[in-house]
Ligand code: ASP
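Taking the form predicted alone, here's one chain by itself in structure tokens.
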């Protein structure tokens, strides 16, 4: 594809057809929405009660505490307290980095798993923190006043808002709590969130990687799933009960609320809620903004990340030390790479751009049909599209600038691990695939969007990447100035756009996810991704073992086979389940609770067809994937026992089941259903 078409052919026409289109009454699907705690009162609790919810809105959140107090943020993931001694459960992939850092070649907890037998054996996890919400202030007036006082310059207004945010946060911080000031509805509303932040976090329990990541990247974002994606940590405080850094004198934290762990789980048709901290959705973007992501951003990201992963895998293959050091980075990049694949697939399949173009035409027709609406909102769509087109026009340039430093760092790390050209200077003169992807994109930039320092660097024939990065510093400055101005303009246009959308769509209106505490409702249910295919909503240990090949991503540990041999009824234990919850990145580790508020699972993924749900809800596609608490408890009882943790959570330490029956095993080269002697693969 030539450079002009690569960056301009996808741009939709900004003019909205001035035709009278009927606007269907807006109503949110029963399980659409990532609701703020204060919005719970507005939900239809009569309908939710009929579906199985036994709690009131006040029991879930009364303004200061409730069931939601047990839901915590753990380094950008979600998690929950499950005991009065600060025990926290989250996903294995959320704890992956901490487990990785605690591991050595000699004591590889990432590969083999880890069980702390006592508080003293729990492993400090530097850099990890657990936080939970204690209350909110509305600071909208203060933020808007700061913007107005800054004058007419958009960049000045934006920077004034950022300064005011920091001031409001500092004045609310104390030795017991910290504050965050965040926008909702594109800055139409601002909240100051008060939260307790605990920074002494320790690893307590992790299954082996072949359980926590069973199926690897092959199964990632897919269904059916058989992944035991869970791990346990514990939060500690000073002897005085104050948040503090690691110290041997610290004691387990006693949270205000923790979840009861269900022994019953949740089966098909049952009501559940997902609580947590969804990272980011962008459901109110314009067609222009979505189009540039579909046609350029995600394809470019896919190519770049696939290349970086291949580089690092090459370095990891050199030694066990390299493999351990690079494991977290490769896993993180791989997740983003497959997410990009899902975005490309889902945005095209769901025709998100075309849908938004229709909605924009309907919206403009609604605005123009009323003089008062036209006076208030008549040009808001045009102004929004103008901002989006300005960002789209330099998307290629910004992609190169944003990723060049990272590609250089990863490539240098690969070479130093391989002990190739490891002089520490950062000079890279030989072929470098990740860098070359970015340089090719820079080569293809249109004439009116060139990176002039890059062109001069190419003409020089030097090849020194360090010199290129230095030469690009004026471009980085210009990028920041452009973004400050854009953000300043969006403070006004975005807020008005959301106000108009709320008026058009109706009152049941939720803000985009922004890593703040939310609640989603759902039902455990089946899924049909395409014609002729119908997936059941639960998978089992039996299905897990049927995937076993004895190598690679499907190498089930011997201990699981041994536990099944001792109790064949374990083959029917649920491993994962599907629900139609509204989730996104950041919901990893979210507690999934039943109608009584009991923990029945941990959200860890979405189906591939729902990755693009960040840009628009689709009731047929929306399915989140959770590890079933019954599988977690079975592993902790019978496979890698932790009776002290089970007692701490208030659940039975043994499972009652029949034993002594022959067990059917599956291994590489053995057909499903063929009996295999116990103990071997």
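All values derive from a computational prediction rather than experimental measurement. Numbering follows the first chain given and starts at 1.
Quick note: we don't show the form predicted together with aspartic acid, though the next part is all about it.
Undergrad: Identify which of 200, 605, 388, 295 has a heavy atom within 4.5 Å of aspartic acid in the predicted complex; exactly one of them does.
TA: Of the candidates 200, 605, 388, 295, 605 is the one lying within 4.5 Å of aspartic acid in the predicted complex.
Undergrad: Exactly one of 588, 286, 73, 521 has a non-hydrogen atom within 4.5 Å of aspartic acid in the predicted complex; which residue is it?
TA: The option sitting close enough to the partner is 588.
Undergrad: With the partner left out here, check for me: in the predicted complex, does some heavy atom of residue 356 sit within 4.5 Å of aspartic acid?
TA: Residue 356: no, not in contact with aspartic acid in the predicted complex.
Undergrad: How about residue 307: is it within 4.5 Å of aspartic acid in the predicted complex, going by heavy atoms?
TA: So residue 307 does not count as contacting aspartic acid.
Undergrad: Closest heavy atom of residue 364 to aspartic acid in the predicted complex, within 4.5 Å or not?
TA: Looking in the predicted complex, residue contacts with aspartic acid do not include residue 364, since no heavy atom lies within 4.5 Å.
Undergrad: Does residue 487 make contact with aspartic acid in the predicted complex, using a 4.5 Å heavy atom cut-off?
TA: Result no; residue 487 lies far from aspartic acid in the predicted complex.
Undergrad: Quick one: which of 495 to 503, 605 to 613, 367 to 375, 236 to 244 gets within 4.5 Å of aspartic acid in the predicted complex, going by heavy atoms?
TA: Of the stretches listed, the one contacting the partner is 605 to 613.
Undergrad: Give a yes or no on whether each residue among 35, 281 and 516 has a heavy atom within 4.5 Å of aspartic acid in the predicted complex.
TA: No, because 35, 281 and 516 lack any heavy atom that approaches aspartic acid to within 4.5 Å in the predicted complex.
Undergrad: Along 325 to 349, which positions have a non-hydrogen atom within 4.5 Å of aspartic acid in the predicted complex?
TA: Read in sequence order, the lone residue that approaches aspartic acid (within 4.5 Å, in the predicted complex) is 335.
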